[in-house]
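In structure tokens, one chain follows: the form predicted on its own.
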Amino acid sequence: MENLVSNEVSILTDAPSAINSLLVNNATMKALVYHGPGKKAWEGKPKPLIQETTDAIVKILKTTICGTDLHIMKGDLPEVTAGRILGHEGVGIIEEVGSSVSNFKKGDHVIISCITSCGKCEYCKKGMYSHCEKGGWILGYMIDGTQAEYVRIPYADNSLYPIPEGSDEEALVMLSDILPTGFECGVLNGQVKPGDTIAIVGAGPVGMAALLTAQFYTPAEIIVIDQDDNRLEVAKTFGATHTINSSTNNAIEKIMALTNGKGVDTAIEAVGVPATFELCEAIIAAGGHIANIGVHGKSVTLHLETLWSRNISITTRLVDTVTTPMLLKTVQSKKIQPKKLITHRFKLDQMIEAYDTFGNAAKEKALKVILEK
């Protein structure tokens, strides 16, 4: 209980009643709890309670595991403290709302955004919800997340999306994070245009999301690079025109052969390790765009000695989820079918097994895993 109070109450500004309610909370639930690098457990935790009038409590129906969660488990994000419930994606049913929540009520089915937005601060008014002064990416990072039976969602009116009746909730889990991340950080930042040649380095779930959404802009060629033949085969079914296994081929030479020595117009980095970012630097054409998506835990060498004169743009971004409503419409109309990214299904209480599967993606042929109640 002491850990819960220190972790949860630290984000409150002035809410003594919320602190008191936490201290008397006897209801429990099960959750995936981080206990430091390489350590996790599916264990009992106090069920979350309303702390602010803008909060909602959501009963999780379906959730998933993100590559970022694996980065946390490796210790790449040391600011994540032991005792934190991980996870920032999911769909569920509202269990309770605070008195200031006006867009939702008990019983509503909702998509949980990975980004929490107050809707009022300077950054929110710019559409940069990822840098919300009172939110941003906090779920499963600074506050307890969605890999649990229940989760508290701050600023619920701006951080949840209603699920249309009859929707496929499995597909909509992909709208919590990977679809807007691949689209905003990769495709939009990479300024993909009709007729372009683009390379996506990394055929994991976010790279696949960039592959799916890049096709909104009809690029001439989409080259997907990875070290996993299974994922590369899947990429072909999702629209890749060429695939390269960088563990058995010289990816730079292959790219240059495919582009008459010019390189690609947009290189999307979707892994988050030095080698893949440096590969993007090596294959970008003059006037091109390098769009970073990956979560980097180590320094990367910026080769300005070769890039300084080539009119290259390099972008970084944490997803803002401003495109989620549009992407929801495309999923509902079946213009894109992110459900195809799901390769494994588990029950919530199989969370440890699901982590083992997702963490050994090449061996298990895993892309996205779904965990449901």
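Since this is a predicted model, take the numbers as computed values, not measurements. Residue positions are given as counts along the sequence shown, with the first one as 1.
Beyond the structure shown, there is the form predicted in complex with another copy of the chain, which is absent from this document and is the topic of what follows.
Note on the partner interface in the predicted complex: the residue among H109, R84, K134, R231 having a heavy atom within 4.5 angstroms of another copy of the chain is K134.
Only one of I312, I57, L348, V33 lies close to another copy of the chain in the predicted complex, with a heavy atom inside 4.5 Å, and it is I312. Partner contacts here mean any heavy atom within 4.5 Å of another copy of the chain in the predicted complex, and among 87 to 95, 247 to 255, 172 to 180, 155 to 163 they occur only in 155 to 163. Another copy of the chain in the predicted complex comes within 4.5 Å of a heavy atom belonging to T53. Residue contact with another copy of the chain in the predicted complex: E122 places a heavy atom within 4.5 Å of it. Taking non-hydrogen atoms only, T218 approaches another copy of the chain to within 4.5 angstroms in the predicted complex. Contact between K193 and another copy of the chain in the predicted complex is found at the 4.5 Å heavy atom cutoff. Residues are counted as partner-facing when one of their heavy atoms sits within 4.5 Å of another copy of the chain in the predicted complex; in 301 to 337 these are T301, L302, H303, L304, E305, L307, W308, S309, R310, N311, I312, S313, I314, T315, T316, R317, L318, D320, M326, K329, T330, S333, K335, in sequence order.
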